[in-house]
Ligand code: 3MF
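Okay, so here's just one chain, in structure tokens, the form predicted on its own.
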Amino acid sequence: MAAATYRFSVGPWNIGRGADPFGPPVRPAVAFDDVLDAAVKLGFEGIQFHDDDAVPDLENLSPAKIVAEAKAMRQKLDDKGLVPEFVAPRLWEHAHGVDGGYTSNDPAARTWAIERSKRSVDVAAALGCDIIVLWPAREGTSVRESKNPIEASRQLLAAIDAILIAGPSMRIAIEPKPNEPVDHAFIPTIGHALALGARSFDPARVGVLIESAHAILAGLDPSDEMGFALAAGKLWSVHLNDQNGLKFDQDKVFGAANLRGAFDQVRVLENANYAATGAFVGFDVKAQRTQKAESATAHLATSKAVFLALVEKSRTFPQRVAEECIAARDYEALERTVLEHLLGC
């Protein structure tokens, strides 16, 4: 039987203007239609959306208008042979979310965050996708004493339940991150996300999205985080990239900092037959600040090429030799087997 084919997705923020945390944009803005054309050219099938990527200015639109705009976006995707992967409520960039959304100390802000999330459910339904991604960006603290972590956990659970109730056919994929833009997040790891989902109104509809860099920033191995989620049947998307240590979120090309770590991530996906589930592989990577506008999609093409090369490395891995090494408890020989395979020796 032929191996399943991977499906790839991209977000409009991955074809950006060259801004980083330390400076302004250095390239012109890329029109959304041009993003879609680039996705098609690169062989990406899925488009990731923040709610206001799909429906700009949705804060000032009626519910009916939001749905109409989302349906128009769906037609635009259909015309290009693309599909929506997920919708994520963008709470962290709005003034109401200055102290967090679901865990804000302002009750009005918490209400706003949940209502905005319900509108995201409407957007997702109109687009024709069934995943809401929650990146709890400002759901945490920079001053520990500013929030009660017990109450914050309850508030996060209440928000998840509200989304599940608002969208009976929707699934929620929580995307943990240990820090940035807050100092300490309330949902820093996959374990936290899955534990919270298990307490929800409908645990079967709460899973996770794993980003490589976010795991590395927590001092964890992304492949172990993926394995933990896969064992629970809860890995519903991945954002593959790379990260050079415990710095700011770098969104480097997949495999650029740790090629062996990238191989291990691909291998765990292969071992779980992830491609056969139909779930997407996303690359949350950004072009280097020095890149010229005309070649500012090379980071995506490179990430995809590296991923596919590592799929082949995984499928041709000398498993029998590895098993002999493991049986003999000769892990030095196993180490060499892995390295020589990656080096093509």
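All residue numbers refer to positions in the sequence shown, first residue = 1. If you're wondering where the values come from, they're calculated on a predicted model, not measured in any experiment.
There is another form of this protein, the form predicted in complex with this ligand, and it is not shown here; the text below is about that form.
Participant: Residue 121: heavy atom within 4.5 Å of this ligand in the predicted complex?
Facilitator: Judged by the heavy-atom cut-off of 4.5 Å, residue 121 is well away from this ligand in the predicted complex.
Participant: According to a 4.5 angstroms non-hydrogen atom cut-off, is residue 331 in contact with this ligand in the predicted complex?
Facilitator: It does not: once this ligand is placed as it appears in the predicted complex, residue 331 has no heavy atom within 4.5 Å of it.
Participant: Do residue 50 and this ligand share at least one heavy atom pair within 4.5 Å in the predicted complex?
Facilitator: Yes, contact at 4.5 Å.
Participant: Does residue 239 reach this ligand in the predicted complex if we count a contact as any heavy atom within 4.5 Å?
Facilitator: Within the cut-off, so yes.
Participant: Looking at 133, 164, 235, 215, which has any heavy atom no more than 4.5 Å from this ligand in the predicted complex?
Facilitator: Flagged contact: 133.
Participant: Since exactly one of 269, 159, 88, 126 fits, which has a heavy atom within 4.5 Å of this ligand in the predicted complex?
Facilitator: Of the candidates 269, 159, 88, 126, 88 is the one lying within 4.5 Å of this ligand in the predicted complex.
Participant: Only one of these stretches, 96 to 104, 140 to 148, 67 to 75, 173 to 181, has heavy atoms within 4.5 Å of this ligand in the predicted complex; which one is it?
Facilitator: Heavy-atom contact with the partner occurs in 173 to 181.
Participant: Though the partner is not shown here, which residues of 275 to 293 have a heavy atom within 4.5 Å of this ligand in the predicted complex?
Facilitator: Residue within 4.5 Å: 284, and no other.
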